[in-house]
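Only one chain is shown below, in C-alpha cells, and it's the form predicted alone.
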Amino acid sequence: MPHKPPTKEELERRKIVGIRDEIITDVTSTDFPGHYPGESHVWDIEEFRQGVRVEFHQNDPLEASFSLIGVDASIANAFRRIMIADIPTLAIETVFINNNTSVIQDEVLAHRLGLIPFQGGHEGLHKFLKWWRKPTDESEVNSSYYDFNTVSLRLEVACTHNDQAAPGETDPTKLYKHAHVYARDIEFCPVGRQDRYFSGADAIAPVNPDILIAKLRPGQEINLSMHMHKGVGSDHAKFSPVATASYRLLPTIDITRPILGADAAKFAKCFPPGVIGLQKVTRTEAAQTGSGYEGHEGEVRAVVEDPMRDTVSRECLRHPEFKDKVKLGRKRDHFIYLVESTGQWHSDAIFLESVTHLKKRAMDLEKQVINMVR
C-alpha cells in the first residue's frame, strides 16, 4: 500500500510540544529522514528559505522582541549564544590608579569601572576601532597603544566641604561637593583621529550617566586613568553587548469544548491579562448544529486572543471543570526572543550581527572541509 502523505493539520500537530498537568510530551523533533515510513523529510534549502521568517513585535534602541519562525532549536540557540558571547564591544580593560583614598579597594573600584557600559559613534565603534593585542614582550606594551585600538578615559574627583550648605544640613550630597561619584564624572580623552569619529553627540560616554561608582567624604579623592579596548563576552561579561538575550517557545492554547458563563470568566483568570477574552455567543453560532453553543445565544464564551502573552503556568489544568476542554502546548519552531542591549549596539542590530557571525562561521567551516578532502 502506498504511504498516504500527511495532511497539513498533521504536520502542524507534529510541531507542538504537549503541556500536560504533570508532564511534557513530544519534546523531540521528528522532522528527519527515516522517522516516518514513506516520508522523506530531507532538508531542502528552498523549503527552508520559504519557511523561515522574522517578525518584530517591539523594536526600541535598548530592547527588542521578535519571533524567529521555521528554524531548529540548535539554530535558535546559536543566535542566542552569539549575541551574548561573540559580538565585540568596547569596555574598560586597564585602570591606572594614581590615588584612591576612598573606602573602595583598588581592585573593586577597577572592577566596577569595567562593568560600566559605554556608547559612542556607530562608525567609530564598529569600523574605526580595531583589536588590541598585548605584545609578548612586556617592554613593548606602552608602545602598542594607538588611536585605532585604545580609548583613553580619566576620572579625577575630590570631595570637599560645601560652604553654601544650609546650617544643620544632613544630606551628604548638599553638605559636600562630589560626595557621590557617578559615571558622568568620567572624562573621554580623544587622541589622534578619534575626534573625527567621537565628537559631539557621538562622543564616547557612559550609557547611563547616573551609575553610582563610589561615595566620598571630605579629604578623600579618586584620581585614575583608564584604557578601553574591544573584546567579546566569551572573554569577560563586561564585553557582552546585551544585558540579557533569551527566547521561549510560542505557547498554544486549544479550546476543544465550549467554556461558557461563569466558567469562562474563571477560565480567563487562569491566564495573564490579554490571553483569554470573553465574547458573546452569536445567533449564528447558537443555530449551528454540533457547535456546542446550541441554546446558549447571548452567553459569554472563552476565546483565545493572544497566546503570546501566556506564561504556561498550567493553572487551568488544576481545575476539574476544564478537564478535556483545553489543550496546552508550545510550538517547536517558533522562538520568541527578548534582547536587551547595554547601549553600544541597537537591540535589533545585535541580532543582525549574530546572523552575520553565524554565516561567517559556516563559510569558514565549509572552507576547512574542502581543504580537508583535497
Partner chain sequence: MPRATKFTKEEPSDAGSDVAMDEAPTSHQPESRDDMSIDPNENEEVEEDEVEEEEETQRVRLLPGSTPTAASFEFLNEGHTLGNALRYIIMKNPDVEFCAYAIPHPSEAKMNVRIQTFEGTTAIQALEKGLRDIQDLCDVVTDKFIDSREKFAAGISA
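On a predicted model such as this, the values are computed, not experimentally measured, just so you know. Numbering follows the first chain given and starts at 1.
The discussion below concerns the form predicted together with its partner chain, not included here.
> Considering its partner chain in the predicted bound form, which of 31, 305, 315, 39 comes within 4.5 Å of it through any heavy atom?
It is 31.
> Just to be sure I understand the contacts: of 74, 170, 164, 288, which is the one whose heavy atoms reach within 4.5 angstroms of its partner chain in the predicted bound form?
Partner contact (heavy atom, 4.5 Å) among the options: 74.
> Is it the case that residue 82, even though its partner is missing from this view, gets within 4.5 Å of its partner chain in the predicted bound form, heavy atoms only?
Looking in the predicted bound form, residue contacts with its partner chain include residue 82, since a heavy atom lies within 4.5 Å.
> When the contact criterion is heavy atoms within 4.5 Å, does residue 192 count as touching its partner chain in the predicted bound form?
The answer is yes: residue 192 has a heavy atom within 4.5 Å of its partner chain.
> Closest heavy atom of residue 283 to its partner chain in the predicted bound form, within 4.5 Å or not?
Residue 283: no, not in contact with its partner chain in the predicted bound form.
> Just checking whether residue 360 would be counted as a contact of its partner chain in the predicted bound form - the rule being heavy atoms within 4.5 angstroms.
It does: once its partner chain is placed as it appears in the predicted bound form, residue 360 has a heavy atom within 4.5 Å of it.
> Quick one: find which of 145-153, 257-265, 201-209, 271-279 has residues within 4.5 Å of its partner chain in the predicted bound form by heavy atom distance.
Result for this chain: 145-153.
> Heavy atoms within 4.5 Å of its partner chain in the predicted bound form is the criterion; list the residues of 233-268 that meet it.
Result: empty, none.
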